[in-house]
Structures are given as C-alpha cells and as structure tokens.
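To begin, one chain is listed below as structure tokens, in the form predicted on its own.
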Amino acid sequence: MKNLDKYVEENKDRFIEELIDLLKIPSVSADPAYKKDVLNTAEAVKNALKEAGCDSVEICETPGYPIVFGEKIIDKDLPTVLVYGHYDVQPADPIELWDSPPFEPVIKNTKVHPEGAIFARGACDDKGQMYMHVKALEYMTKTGSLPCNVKFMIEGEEEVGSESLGWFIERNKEKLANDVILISDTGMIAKDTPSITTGLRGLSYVEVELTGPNRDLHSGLYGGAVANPINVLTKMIASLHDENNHITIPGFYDKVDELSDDERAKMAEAPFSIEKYKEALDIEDVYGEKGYSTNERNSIRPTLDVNGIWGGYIGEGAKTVIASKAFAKISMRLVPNQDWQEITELFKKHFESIAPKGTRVLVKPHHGGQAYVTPIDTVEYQAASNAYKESFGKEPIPQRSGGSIPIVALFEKQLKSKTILMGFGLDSDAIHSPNEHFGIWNYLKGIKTIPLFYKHFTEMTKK
C-alpha cells in the first residue's frame, strides 16, 4: 500500500465531488415527505459500491427503508470485514439557523478546518464517513491491494432507530457472516490526536403527552382554576433531576456500571481543555451531575434530556389560551448494564405516578438500544490501533463516546462478531445541528487510514 497516499491525492477532487453529489439528496428518514429522496440515495449508494469494485450489489427490501448490501469475496479462506453505515440523515430543522442551505453543499474554510470543510446535512453523520469506506474499497480494488473479503451493509433508518435492521439481520445471518464489523459513525479527539471509540452509551427515547381539560380554555375565565398542562408538564420534567443533577427516577441507577478510580484516572489522561470546550460552545460554564468531570458526564454516566417540548399557541401575536395538551420528547443515554427497555418502563411508571389529579399522562416509547464496550486487547482493536499509528504517526487513544449506535450491541448478539469504531469526525462538526460539516482533511485521512486496517487485520488473522 505504498501508493495509498498518492492515489488519494490524485483522486481527491473527484472524491470530494462525489460526496457533494450524495449530500445534495435530502435523505431525511424521519419525514415521509422525503421518501423518494431516501430511496434515490439508496440507489446512489448501490451504484457507488458497484463502481468501487463490489462484485455484487443489491438493494434489499425491508418493512421500512431498504438496506444496500454489497460484497467482494476474493478467497473464502481469508477473513471478512463487514462495513456498516447509513445513508439517511437527520432533519435539517431549524433551517433558518443554517448559514447556507443544508442540501446545497458548500466548502468553507474554518479555524479548525483551514483546508476546508463541506457544510451540508449528513456531511459527517454519516454520508461522509460512510463514503470513506466506499473510496477505500475503490483504492484497494483498483490497485489490486485488497487483502481480504469485504461486505457492505448500508441502511436507511439509523436516524429513526434502525427498526428494520434487526428484521434484516435475523433473516440474513449467513449472508452477513464476518470476522469483524467496521463502522465510521463516531469521532476522534482532534486532528493531531487520533482515538478509537471503545464504548457507546445506550438509549431510551420516549414521547410524553399530558392532557388537562377536554378543550383549549380562555386563560382569563379558567386560569388558576384548572391545571394548565404546559405548566404541569414543565414542573414534572424539572422534577426528574435533583439539586445535584442526579436523575430522580426510582431504580434508574441500580445497575449502572461504576468505573474504578484507576479507570477514571486513565480517562483523565486524554487531552482536554475545559476552557476551549466552553469557548467552542459559547457558554460561561459547564453543567451536569455533581462529582463527575465533563468527559465523564458525557460518556460513562447516564443522562436524561428533553429534546423537544411544545403545546398551546406559538404563532405570531398573542392568544390567551390554556392548552388542552402539552407534549415533550425525552431521551435517556444509558451506560453498560442498564437495559433500555427496563429503563423505559421505570420512566413510564414514575412519570405517570407524578402527574397531579386533574391531568392524564401518556408515555409513548419510541426506540432504544443497549450500551456497548469493546475491549482493547483484541486482534480487531490492535489492527485498528496499528492502522492509526501508521497513518497518523502516533498511537490512538481509546475513548468512550457519549453517543449511541444501538445496533452495535445487536450485531454482537446476532452475528457473534466484534465491532471496531473508526471515526474521523470532530466534536465541532455540528452533527444533528445547523451548519453540520466534515473537514476535507478528515475525509481524505479516513480514506488513507481504512485500507491499513484491512492490511493489519488480515496479517494478524490470516489462516
């Protein structure tokens, strides 16, 4: 793979243009209005895998959006890498906060990315990172340097809970058989500090609906005499944390995996500036559970956050009304040993119990997934570590992430293989937010690093 850097440099303009074309398609899986665009994106991914060198590629129907499956088998006696990614993206709302249209990609220079970054919804999560693997395959097939077998499973429902993925895996275990699963849907500490994600938090996502009177009421005639669902809901939500930002749901922490002092000290060795962190977010101070550092709060501790809240009149001008209903969407990030279904039930039971008389509460579970931790003494991890070391010139730092990829635990359970998380995004890339972007340097660096994983993994596991 001596010509790897040369190949990427010679083709970088085309690699960037191809990604930009993919980012132009608004594949928002959460909104049925974009159904055709989501399907068009699946077709685009299929064509890209064909052109990159897969011997066979198919669009596999599911109860929801299709899964694109491709493979190149060069020798059944060689190990097989299964690449997972997703082609769907988050909604772009609020559109008015974008500096440029979310589906009209533009390249801008930034302080973090002086060589340029592509601004568009899905640039980093996950089209840009998924497409690194497609281009890495292209390099290996075009130069005859693919050292093992490879399969691709690219889905279109990750941003809405991957509801059809379990259905697909259950019916295609033989097709998906592999020796390791490779995912780039995470990040690294910094451009000069490579890291490998070794842990993901689980997730429980719910929607709550609180009902008071049987209709909207005049706030003058009825105010103070009946429960206002918006007032009540905000009080109920506020009560879910105590003065130390500890979650108050009974039983919530019963199975939380507590790290030892040595493990916490090891985590603290990762480079981190609290001042730069606050500056990047334009906040005066950090906030969170008492007794834990910022990096611990967003990775090894469970959380509960309101993701949206609404009710009543929010249009122009004034309307003096007590709304009949109020709503909120709530996500809970979980740590190892916390079962997401059990936590969902604990939340439901508690939230229903604190609703005052005169109101009715309905808790609607959406989706969830288990936490995942991968050991760092495995062949898979060492192969990834060697790839980063060769590409970056320094050993990567193992790091637990605060994000969730619920299907990772599912993969291990159903396919009996470990997952390696080789992310190249940065915290500042604004995934799920307005002005999402992905650095061109990071994109190309990913393409240069991924083939090295194949090389080292094959050398270390060759039969």
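Note that the structure is a prediction, hence the values are computed from the model and not measured. Numbering starts at 1 and follows the sequence shown.
Keep in mind that the form predicted in complex with another copy of the chain is not shown, yet the notes after this line are about it.
- Within 4.5 Å of another copy of the chain in the predicted bound form, a heavy atom is found for all three of 214, 227 and 232.
- Heavy atoms within 4.5 Å of another copy of the chain in the predicted bound form map, among the stretches 388 to 396, 74 to 82, 237 to 245, 255 to 263, onto 237 to 245 alone.
- When another copy of the chain is considered in the predicted bound form, residue 111 lies well away from it, no heavy atom lying within 4.5 Å.
- In the predicted bound form, another copy of the chain sits beyond 4.5 Å of every heavy atom of residue 140.
- Interface membership of residue 127, defined by any non-hydrogen atom within 4.5 Å of another copy of the chain in the predicted bound form, is ruled out.
- Within 4.5 Å of some heavy atom of another copy of the chain in the predicted bound form lies at least one heavy atom of residue 94.
- The single contact residue among 373, 281, 379, 177, judged by any heavy atom lying within 4.5 Å of another copy of the chain in the predicted bound form, is 281.
- Only one of 198, 331, 149, 164 lies close to another copy of the chain in the predicted bound form, with a heavy atom inside 4.5 Å, and it is 331.
- Contacts of stretch 333 to 371 with another copy of the chain in the predicted bound form, defined by any heavy atom lying within 4.5 Å, are made by 333, 356, 357, 358, 360, 366, 367, listed in sequence order.
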